[in-house]
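The chain below stands alone, shown as structure tokens; this is the form predicted on its own.
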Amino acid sequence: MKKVITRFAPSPTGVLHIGSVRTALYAWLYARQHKGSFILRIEDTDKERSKKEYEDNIIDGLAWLGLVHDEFYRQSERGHIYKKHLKDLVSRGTAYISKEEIKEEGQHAEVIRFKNPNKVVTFRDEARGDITFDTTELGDFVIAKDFESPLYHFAVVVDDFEMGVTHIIRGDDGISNTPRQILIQEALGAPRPVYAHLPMILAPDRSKLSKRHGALAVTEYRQEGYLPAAILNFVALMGWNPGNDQEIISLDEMIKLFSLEKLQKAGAVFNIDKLKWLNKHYLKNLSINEARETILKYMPVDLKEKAEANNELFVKIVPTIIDRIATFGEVASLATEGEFTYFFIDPEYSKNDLAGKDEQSFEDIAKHLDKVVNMLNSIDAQHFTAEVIKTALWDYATEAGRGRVLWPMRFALSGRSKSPDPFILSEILGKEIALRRITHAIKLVTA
């Protein structure tokens, strides 16, 4: 069998978006599965709209996702190849130079047109089956402005031919381009590649996907704190099914399971909640050190300094933070709301806050917290874990009323109505700090 060669061929006229990532991923998976090659080809023949910053964005985005290419090309560096093939077609009469009127300027210019054989073209699409076009309606179409300036259809066909591309996986907006490209292939004597056109990714209301619904640049998802594994898992399942109900799927598993036959025909709906759910799964699989390093990047400077100065304490906080977030970007907003400050600084609050919904008397609060202090004192510092603390307090809290015991305890530790449970807080803070904060609460209500 011929070596499988796939390509991802973006134009550097915009940033790398989620839909383009799916196209690149499927082409990359197919090449890897068949031990073939994956080409990244920058189609920058549109000199006015092509920008180096967009090319860099595309290359960086793919590298961050781990979709490493085997070969790299820029169309702007391949002009001599296109010129050779254009001259060959013209010399054989398959293409010809035509004078065209430029209406805006009232002048004439020469273009190169392809001589259409006016035939019916049928091609096999791996996602949609056989597709037939009558090319007569296309007329003799322009393939170059001149010998130095090939247009999209011609440059693409020449590149795929010269690079030995065997499989073209792209969005279904490319279907209408295929008949022209097949005619050019046949004129060049190029073999016909296998085609697979992917359905559109739709917004939740099944309209065209827009920025409002998630059509963001990959760099924006990166900045918001999504992980590459979550992005890849998410886009893989938007248009392809592994043949089971599996929702968590690694890149290695994708390589084994991917097939063009299982591409879906219907448009896939973008679901941001699903992406967040997947990201949360991958967050929880990070090592403590990986999570710690990334959380620090998203923390405000003042809190970051406190975390780095109290690293032992911060390491214990990391699992609690991971449990609270779906993306690392949420760390910044939680920090701004004071969600983590109390770990590093004793909280300030009024004694009325300790009463909670039960609105129990200060005398009762003091009594319950005294009991908590006595029980915590009985636990050895080396065994001061959430599980041991809960076991020690649970029977008393159940008998006296969990809300009446655990609410003032938690508030004394965090100074917040929403925080991890008091057992986890006590373990993170450690015996000395936990006792100090609860003792302070007792003094506050008995003053």
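In this text, all values refer to a predicted model and were calculated from it rather than measured experimentally. The first residue of the shown sequence is 1; numbering continues from there.
Below: the form predicted in complex with glutamic acid, not depicted.
This chain appears without its partner; in the predicted complex, the one residue of A9, V15, I18, I428 with a heavy atom within 4.5 Å of glutamic acid is A9. Note on the partner interface in the predicted complex: the residue among I365, V156, V235, L278 having a heavy atom within 4.5 angstroms of glutamic acid is V156.
Note on the interface: of 247 to 255, 199 to 207, 82 to 90, 148 to 156, the segment with non-hydrogen atoms within 4.5 angstroms of glutamic acid in the predicted complex is 148 to 156. By the criterion of a heavy atom within 4.5 Å, R170 is counted among the residues contacting glutamic acid in the predicted complex. Among residues of the shown chain, E55 is not one whose heavy atoms approach glutamic acid to within 4.5 Å in the predicted complex.
In this stretch, 320 to 352, not one residue has a heavy atom within 4.5 Å of glutamic acid in the predicted complex; the partner itself is omitted from this view.
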